[in-house]
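Given as structure tokens, the chain that follows is alone and in the form predicted alone.
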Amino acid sequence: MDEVIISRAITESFMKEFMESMEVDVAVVGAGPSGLLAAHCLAKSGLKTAVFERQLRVGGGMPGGGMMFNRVVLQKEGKDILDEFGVRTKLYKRGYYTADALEAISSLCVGAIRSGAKIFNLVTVEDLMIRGDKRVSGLVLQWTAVNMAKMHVDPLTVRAKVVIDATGHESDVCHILVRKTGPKLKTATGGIVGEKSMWAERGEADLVKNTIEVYPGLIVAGMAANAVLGSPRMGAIFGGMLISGKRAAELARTIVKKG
């Protein structure tokens, strides 16, 4: 067994995919359920898609289920989406289904990769490429380890026709944009309104409605959408997250098609 061959295999195969992903149709930031489903739908439709996740693992908050009980709840629309990935669900009470959180997120990850999306973990988005203060045109990337160590190392960039902020409650990409351009988002205040207290029914309903293009070239999805537009959080019910990811993919396809 040759250790150098092993090292070269890892380095060459990774760098090939990383370099090929420096110009994409859609860049998804955050590999939670909404980001992974968006990536799956986009790649499946033929769009060049890359996902950038700052953590070591994918999944966002889904693996933890509710308070570290690794189960999630869905209603029928969310269940139907998981059915497409072969995820097993159980009827709990009329209109409510449970699923194993780890099976669900693992299946979404495998689905996205097999559809052709590239996923890069341990990568942090630290800035945006904005042209003429008019449109998001790409991401500025740094290794998460460099970011955590607060080392002064210059980043690299990825050009994208559309960026999807699927970074969850933190809505990191939108925070960067407001910091760089001022309050110019399509929200009630122009800035990030902020997430309201838990109200599962209202939060689920608002989530799909809030999945919009908040700035030219920038779409919000999943909990980032509710945080940016000022709707409640939902807790461990995840159907809205999946539907939001699907909606974000539809919006991104339309924007790319328009050019």
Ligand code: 48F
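Only a predicted model underlies this, so the values are computations on that prediction, with no experimental measurement involved. From 1 onward, residues are counted along the sequence shown.
Just so you know, the form predicted in complex with this ligand exists too; it's not on screen, but the next bit is about it.
- Among heavy atoms of residue 80, none comes within 4.5 Å of this ligand in the predicted complex.
- Using a 4.5 angstroms threshold between heavy atoms, residue 169 counts as touching this ligand in the predicted complex.
- Contact annotation: residue 217 falls outside 4.5 Å of this ligand in the predicted complex, judged by heavy atom distances.
- Taking the partner from the other structure, this ligand in the predicted complex has no heavy atom within 4.5 Å of any heavy atom of residue 45.
- Here is the short version: of 187, 89, 124, 107, the single residue with a heavy atom within 4.5 Å of this ligand in the predicted complex is 124.
- Of all the residues from 28-48, those having a non-hydrogen atom no more than 4.5 Å from this ligand in the predicted complex are 29, 30, 31, 32, 33, 34, 35.
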